[in-house]
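Single chain ahead, by itself, as structure tokens, in the form predicted alone.
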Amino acid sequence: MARGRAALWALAGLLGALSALFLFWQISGPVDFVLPLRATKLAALVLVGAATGIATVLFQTVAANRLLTPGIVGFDALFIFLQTGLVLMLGGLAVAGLPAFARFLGETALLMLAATALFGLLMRRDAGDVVRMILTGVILGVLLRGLAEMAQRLLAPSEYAVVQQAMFASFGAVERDQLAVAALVLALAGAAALRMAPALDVAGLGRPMARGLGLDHDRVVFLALALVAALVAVSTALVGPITFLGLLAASLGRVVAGSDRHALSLPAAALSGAAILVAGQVVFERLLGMQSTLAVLVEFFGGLLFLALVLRRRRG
């Protein structure tokens, strides 16, 4: 436990150093203008990375599988379907002109409503059939992607460009009022997850053993899924989808913490996710001088990690 806490402090120090590097390195021009812009972008990187890391650890505990992320149940596909539907109904110019904060709140609410419906309807009897919930989410994701692609063929090239921009996570267009809402959700959900940490440790043993030890397993699973829905909905509506970030953050967090105890793995995953995004942005913007989409790099390394974990499990 002491080693894990020391590792958390070291990871927090690394994140602080990366954040300072992102804020102050190669700063030029009017500092009063540039520094707030960088601070807003940094806050978005930290919030999304932390929320995705916590949500993935919770989801993997519920699913009893470390290869899965919340994106597998169709969050990303639903987000892209919503963007395509908005552009198809309102037009590209109208969508681009929508108030950013109202659009963020609407997308967050729709994503949370869809997740709650999926989790609640499929698991209303008990929380034992998590596999059915995951498979249903996969099928719904495939369906929504197919519908979105069909609708995108009906769009004009200029309108499709609006949808295409939403397909990749972007941290440069986040507003402060959106960050305030995201920070509030992350603080409340993170505190609730840490408070549930002992129960999550028992739930990770499996439903029969957890119930044998006196844990209300179904209640813990429902609460964990509710937190996953809130965290993923807010982070996706804030910047867009990043499928494999959670897998990277959760895997790195467990390695750093050196323990499966949620009191350590949850904050470790949060810090790891934030550090991954901030480090990637520092490399892109400061070292390479590029404006490429960070999500592409995250998806590439996340996909490699996923393949490595699958191959290692098959060998085992």
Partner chain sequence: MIEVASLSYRAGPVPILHDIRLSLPAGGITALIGPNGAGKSSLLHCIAGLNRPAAGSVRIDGMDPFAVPDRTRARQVAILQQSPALASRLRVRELVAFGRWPHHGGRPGPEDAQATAAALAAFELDALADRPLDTLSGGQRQRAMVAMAHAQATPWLLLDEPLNALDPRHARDLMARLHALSRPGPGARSVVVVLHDINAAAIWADRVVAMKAGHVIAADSAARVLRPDLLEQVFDTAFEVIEHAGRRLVMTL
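These figures come from a predicted structure and were not determined experimentally. Residue numbers count along the first chain shown, from 1.
Only in words, not in the display: the form predicted in complex with the partner chain, which the text now covers.
Checking 93 to 101, 201 to 209, 153 to 161, 140 to 148 against the partner chain in the predicted bound form, the stretch whose residues place heavy atoms within 4.5 Å of it is 201 to 209. Contact between residue 216 and the partner chain in the predicted bound form is found at the 4.5 Å heavy atom cutoff. Shown alone here, residue 36 lies farther than 4.5 Å from the partner chain in the predicted bound form, counting heavy atoms only. Taking the partner from the other structure, the partner chain in the predicted bound form has a heavy atom within 4.5 Å of a heavy atom of residue 259. Put simply, residue 254 is close to the partner chain in the predicted bound form: some heavy atom of it is within 4.5 Å.
Contact annotation for 44 to 63: no residue has a non-hydrogen atom within 4.5 angstroms of the partner chain in the predicted bound form.
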